[in-house]
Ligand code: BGC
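Next up: just one chain, as structure tokens, the form predicted alone.
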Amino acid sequence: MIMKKRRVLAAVMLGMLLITGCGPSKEQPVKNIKIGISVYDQYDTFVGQMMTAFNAYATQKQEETGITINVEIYNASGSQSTQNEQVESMIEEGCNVICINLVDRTDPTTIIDTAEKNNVPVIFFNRELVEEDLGRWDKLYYVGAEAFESGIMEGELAAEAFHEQEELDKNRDGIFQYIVLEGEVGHQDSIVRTEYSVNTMIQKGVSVEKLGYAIANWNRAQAQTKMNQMLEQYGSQIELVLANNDDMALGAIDALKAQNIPQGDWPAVVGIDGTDVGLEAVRNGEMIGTVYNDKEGQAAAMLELAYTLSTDGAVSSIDKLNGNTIRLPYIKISAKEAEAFTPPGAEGY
């Protein structure tokens, strides 16, 4: 019996040698990778355009390397529990890396725990999680921009317009009466963009008076409804609309048009993100400016990071990666710059 067991063991070992080869085994080259992405809302204009850019860069990378890159994008539809379930599904389906546009930036615990348990790296993007959470595991990353920069630039655009265009001070009192369309209750980007835009105007020598504000959840239709309400309340007192993103700025413009207010009587409207429709509104004079959030550069950075993690490359070689974070700068775009503006795209990648 002992001899038979030894023969069986020898046969098994021989089979293993035939499979793996003699001597040290060599890793098989990667032939395909799978990247799973969950976005908080597929109808968000900025996020949608960023995903279009990501897919384009994935195709380009595939052509350059010969490695098949499969990208699957899930819509969390504003539900954190749905997004948590999507992460489980992506891991079960064998995604090498998952990229998360958080629904609730304060509640990434389930995602992080699930990913760490299965040793799947996570790249958070655009909606930044709390710093302490990002440091919980060494395979967590963030790709985005500094929210305060966009607020500063939005304030600069408004201040420059007030100084240069006397007609914006409709009641000639030397004060910029404004309203704010905010993204989400308690959302860091909403708070920071609003705070820095107002403080920057003051630092630039503009006296300001806040008439009101409304939460419009980054949404154009909601912003139109809220703007209608504030027009009913404040009417021509409104001289400036500070919107936390372009979609809400465009919602305010939709309300102005719906009420048949002549464009010459509109308040100044300024947004953030530099979406295609936002840039067009700046070019045609409906918005006084926007702050370009480099969606192409962020998409390229995220793709390069996901590819490197999936192929066991050295992430330390990735340009602009500082620790576990990649941040790209905003660009201020007034009507003067909008006509000739060309997105910087994937420069540096």
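Fair warning: this is a prediction, and the values are worked out from it, not measured in the lab. Residue numbers run from 1 along the displayed sequence.
This next part talks about the form predicted in complex with the named molecule, which is not shown.
Though the named molecule is absent from this view, in the predicted bound form it lies within 4.5 Å of a heavy atom of just one residue from I33, V47, I288, L303, which is V47. In the predicted bound form, at least one heavy atom of N293 sits within 4.5 Å of a heavy atom of the named molecule. Among residues of the shown chain, Q83 is not one whose heavy atoms approach the named molecule to within 4.5 Å in the predicted bound form. At the 4.5 Å threshold, heavy atoms of S197 stay clear of the named molecule in the predicted bound form, well away from it. Of the heavy atoms in H187, some are within 4.5 Å of the named molecule in the predicted bound form. Judged by heavy atoms within 4.5 Å of the named molecule in the predicted bound form, the contact stretch among the candidates 72-80, 121-129, 222-230, 89-97 is 121-129. Residues N245, D273 are the members of 243-277 with a non-hydrogen atom no more than 4.5 angstroms from the named molecule in the predicted bound form.
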